[in-house]
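This document starts with one chain, in the form predicted on its own, laid out as structure tokens.
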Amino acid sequence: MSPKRSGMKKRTFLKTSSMLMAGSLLAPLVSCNSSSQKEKAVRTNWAGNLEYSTENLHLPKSVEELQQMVKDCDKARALGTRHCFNTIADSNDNQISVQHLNQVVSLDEQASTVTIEAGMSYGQLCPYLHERGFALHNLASLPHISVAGACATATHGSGMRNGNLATVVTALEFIDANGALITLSRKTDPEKFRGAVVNLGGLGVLTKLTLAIQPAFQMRQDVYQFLPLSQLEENFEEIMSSGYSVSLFTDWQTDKVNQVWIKRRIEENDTEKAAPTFFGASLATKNIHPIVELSAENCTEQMGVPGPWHERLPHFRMNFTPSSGKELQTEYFVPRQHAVEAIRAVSQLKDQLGPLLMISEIRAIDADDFWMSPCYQQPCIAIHFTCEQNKELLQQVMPMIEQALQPYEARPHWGKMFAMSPTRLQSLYQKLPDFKALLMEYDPQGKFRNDFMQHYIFSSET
């Protein structure tokens, strides 16, 4: 890695890893039907690569207020914690944030569930659960994203037997286009429920989620460096099954995977030490950042040090003030049976990726039954690319990645950048007609249908 390239990464990725999105979204609170003319307040997503198309941001402080807002709006779109890199949460008319609806509604210890308001983030929920002896099954690498937004876009962590974050949802409540409060649950509405959880913001505005929880647990995290790619190809299943959650970090520039992060659950009286080598990789001797030149200060504790589940499952600590990160992200899900072939295909693009890529991460996700999940009825690996904020270059490279992965029916992450045509994307989702029918049931006039939804879900354009 050249000094120039390392320096560029150090300036950009340090902001990304140490801090996430700002908790406050400052914008005027205006009527949905306001026609007043004023200077537009520029608002952006977390990375700053996207300016939202409306100045009208609404911040209700009660469900009743939210219902009235939805009734009053001709067009609206729910806005989460702004960590999407594309226009999925954008609107030309009105955005509604439920950031003020961010409390725990109830904890049912007997049923092992927690019900939360839709504005709650994982950073808020996880300490609450842990203090009471409970845990979620998994977390994403960044902990400040909202639970509702993560579930709506099938956001994930890693683990061969861990489904995406939405797989713990057992019920959800939302406001439909008429302002009515709708509740769907896996138990009472199984078919609609499977279409509603990963909803892409198309059903309405979420108000509550009920999540399955489990007893709290302890974890350790060990990192190995320089895993030979040949070993990964020959032992992929064993490597990815070596921990409760395993992540591979690589820049694709050599015949080695830069780092292997292994997160293991610690059972009682577990004193096992990490082996000095792992399939030809060497145990790190200190905490390290995914980009090794950067300080690991903001990363979760490594070196096998035991800690609570919510302080090990993410890659980055929860206790840093969120901010903006100058980066772009794209990610593709490939059925697990094609994992090795897909990794080989991407490795052939190292020259094209070199000038653009900051780091790439490979994770495993188990199958689920949500219609619009990339892992619908198939376990997958996800190949993630964190890139310099060079949109023009990324738009040149994304079609190359997609072409390389096309034989393996790769599906893009709903909240990240991609170049795939609507026709191709729609062909990858067998339950798309049912999903469209579900959206039409609760939003027949398309109140929540923005340009993104029209283009990728309802359009037949190539």
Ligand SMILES: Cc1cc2nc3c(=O)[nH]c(=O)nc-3n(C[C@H](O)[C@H](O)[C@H](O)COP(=O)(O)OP(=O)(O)OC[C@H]3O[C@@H](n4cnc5c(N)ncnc54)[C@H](O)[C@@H]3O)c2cc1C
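Each residue number is its position in the shown sequence, starting from 1. Values in this document were obtained by computation on a predicted structure and should not be read as measured data.
We do not show the form predicted together with the ligand, though everything after this point is about it.
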Using a 4.5 Å heavy atom cut-off, state whether residue 60 contacts the ligand in the predicted complex.
no
Partner proximity in the predicted complex: residue 193 to the ligand, non-hydrogen atom cutoff 4.5 Å
no
In the predicted complex, does residue 363 have a heavy atom within 4.5 Å of the ligand?
yes
Would residue 376 count as a contact of the ligand in the predicted complex, using a 4.5 angstroms cut-off between non-hydrogen atoms?
no
Listed residue (155, 250, 245, 221) with a non-hydrogen atom within 4.5 angstroms of the ligand in the predicted complex:
155
Heavy atom within 4.5 Å of the ligand in the predicted complex - the one residue of 84, 380, 372, 172 that qualifies
84
Options 70 to 78, 342 to 350, 268 to 276, 228 to 236; stretch whose heavy atom lies within 4.5 Å of the ligand in the predicted complex
70 to 78
Neighbours of the ligand in the predicted complex among 399 to 438 [non-hydrogen atom within 4.5 angstroms]:
413, 415, 416
